[in-house]
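Just one chain is shown here, as structure tokens, and it is the form predicted alone.
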């Protein structure tokens, strides 16, 4: 697709900093940032608002219809990504435990994923953009000019998650072990699932962030993007 030459697609396991990295890379390049996961969270919110049972095929169909008809938009304001549904700011609501509890089941629907993919392509249009999320570089934007697959050790990813959720407990071995176990199980499910499994694009740039601070992590992606832009000029 025409916009692919100006798309940076960022993927990787949970806890590698995909969203924060993508948002900052977009800011430094002056490009648009799009959070693909927010679309699935909007779909989960719609399921809750319409009281849909995800185990019932007819309700799954109603959810697809509701999402396809919905006006979903994203914009970054003051460094924060805001999501709107029919003009309503649902940024906080799509991060509630109720939405989080069902979003993975919502995203398991291949037909709904295609609706999301169309929406993502529509969000980008002809604008250069940085997008993070599962299958961004393999399915949604296979012709993205730069595909980045972030990596980090399980221990480092667990430490980051603890720092986010329970600041001050990063050196507690029991807490770290619990988060590491949870991440390892998430990795297994992500790799083995039949819909959009975790895998890098064949031409992805691998970036191990285990020993990198955030600024360096972002700078490496920005440098790779600028180098490729110069090569394509």
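Throughout, rigid core stands for the largest set of C-alpha atoms superposing within 1.5 Å between the two forms. Positions refer to the first chain, counted from 1. Only a predicted model underlies this, so the values are computations on that prediction, with no experimental measurement involved.
Omitted from view is the form predicted in complex with ligand CDP, to which the following refers.
Not one of 150, 200 and 220 is positioned with any heavy atom within 4.5 Å of ligand CDP in the predicted complex.
103 is the sole member of 103, 85, 154, 162 with a non-hydrogen atom within 4.5 Å of ligand CDP in the predicted complex. Contact between residue 121 and ligand CDP in the predicted complex is not found at the 4.5 Å heavy atom cutoff. Taking the partner from the other structure, ligand CDP in the predicted complex has a heavy atom within 4.5 Å of a heavy atom of residue 193.
Taking the partner from elsewhere, residue 136 is found to have a heavy atom lying within 4.5 Å of ligand CDP in the predicted complex. Shown alone here, residue 179 lies farther than 4.5 Å from ligand CDP in the predicted complex, counting heavy atoms only.
Of the stretches 203 to 211, 58 to 66, 170 to 178, 35 to 43, only 35 to 43 has residues with a heavy atom within 4.5 Å of ligand CDP in the predicted complex. Taking a 4.5 Å heavy atom cutoff to ligand CDP in the predicted complex, the contacting residues in 88 to 122 are 95, 103, 104, 107, 113. The Cα shift for residue 219 between this form and the one not shown, taken after rigid core superposition, is smaller than 2 angstroms. Once the cores line up, the CA of residue 121 ends up less than 2 angstroms apart between this form and the one not shown. The rigid-core alignment places the CA of residue 147 less than 2 Å apart between this form and the one not shown.
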